[in-house]
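Encoded as structure tokens, the following chain is the form predicted alone, with no partner shown.
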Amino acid sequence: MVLALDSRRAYEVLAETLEARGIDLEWVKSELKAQEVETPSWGYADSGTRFGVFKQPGVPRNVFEKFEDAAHVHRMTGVCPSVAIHIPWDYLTDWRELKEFADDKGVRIGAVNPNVFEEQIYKLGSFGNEDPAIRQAALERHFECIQVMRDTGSKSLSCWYADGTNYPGQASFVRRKRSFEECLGQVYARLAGDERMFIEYKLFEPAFYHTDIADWGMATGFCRKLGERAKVLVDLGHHAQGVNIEHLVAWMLDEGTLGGFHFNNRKYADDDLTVSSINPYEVFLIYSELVEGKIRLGSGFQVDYLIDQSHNIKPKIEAMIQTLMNLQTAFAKALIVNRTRLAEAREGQDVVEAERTLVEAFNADVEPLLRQVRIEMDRPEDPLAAHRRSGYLEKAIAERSKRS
């Protein structure tokens, strides 16, 4: 498979431009080929809003079918070899069976996510609950998930809590904080030396007066008390309007507290929209800080990239492929930033040139580069178009309707 003549020429022109700027094209391509983004099992299933679930034809109805779809997306893109699971949404009695199934499909099980927010007992919280029996139930769910990690080969426990209050005076902020410290400490103590724990935060929802882990500072505080294998997970939709996410990413990278991302995009709040659909420049700036951090930290750089989106009205698989392609685009643009010129502009306090250097990379057409990388990875040049031609969804609809 080779690039069409026009695409080939566009790639050659881009390569010449990057060479003239002193950017190592082979390094850029190697970084793009090494990129891994974890897709979520729940991103392939029916989903909705507080007002209802919107069903789509052919969606998976069990975790094995979710992994089938995830494996197909990986075949199309080549950058998503792992799949996050959610307990009890993906509950099984024999996890080794799923591990063998995933291996056979060419993917692996990624982060394990404990769910301690849907069951009725968690109406007033999990780790922040006044009732010690409910806190213990939440602990047992986490311990169960740690065992799932060991049964599947996963190394990451990814934790998000809906805990909070809706009314002033409902509970003691400090008592709840201390309950979280105690319970998180018990979970962390169960982890082995090669296992990590991610702590996610969210400004609001479903609690609307206060959330127990409301921002990155609170999550960082918990992580520092737990130990070096506890890291902060950033969800792009979990902040107040106007928060400079690329700034906090750079800050946490330098502090060694950043563990990973839940990528999505938002217009108003936790909208869970397709990456780059609302603010592609923000995603590029976040990736720019990640690239800068990776260059600075070298082998000490360890950040996990995960998707967490609710594809309510887009076809599930198409939305996932589109998201991955958008992440590849943002990453490619961040990789071709002229870091030498940027550093010189910063040192010379040339504000205009520093900004121009970033904008130049953001405005670059990296599609020919991405097509070339996909060819070298033996993947379709256009993964979304390839999926639409594949007939995979039509086959899934036919097969899964027979089992309904």
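Just so we're clear, the structure is a prediction, and the values are computed from it rather than from any experiment. One-based numbering along the sequence shown.
Absent from the display: the form predicted in complex with another copy of the chain. The rest refers to it.
The candidate stretches are 191 to 199, 77 to 85, 92 to 100, 219 to 227, and the one lying within 4.5 Å of another copy of the chain in the predicted complex by heavy atoms is 219 to 227. Judged against another copy of the chain in the predicted complex with a 4.5 angstroms heavy atom cut-off, the residues E26, E31 and F143 are out of contact without exception. Residue in contact with another copy of the chain in the predicted complex (any heavy atom within 4.5 Å), chosen from N129, Q328, T257, S156: N129.
None of M149, A332, I307, A162 but one reaches within 4.5 angstroms of another copy of the chain in the predicted complex through a heavy atom, and that residue is A162. Another copy of the chain in the predicted complex is approached by E355, whose closest heavy atom lies within 4.5 angstroms of it. In the predicted complex, at least one heavy atom of E118 sits within 4.5 Å of another copy of the chain.
Among heavy atoms of R108, none comes within 4.5 Å of another copy of the chain in the predicted complex. Among heavy atoms of K294, none comes within 4.5 Å of another copy of the chain in the predicted complex.
Residues of 290 to 324 that come within 4.5 Å of another copy of the chain in the predicted complex, judged by any heavy atom, are E292, R296, N312, I313, K314, P315, E318, Q322 in sequence order.
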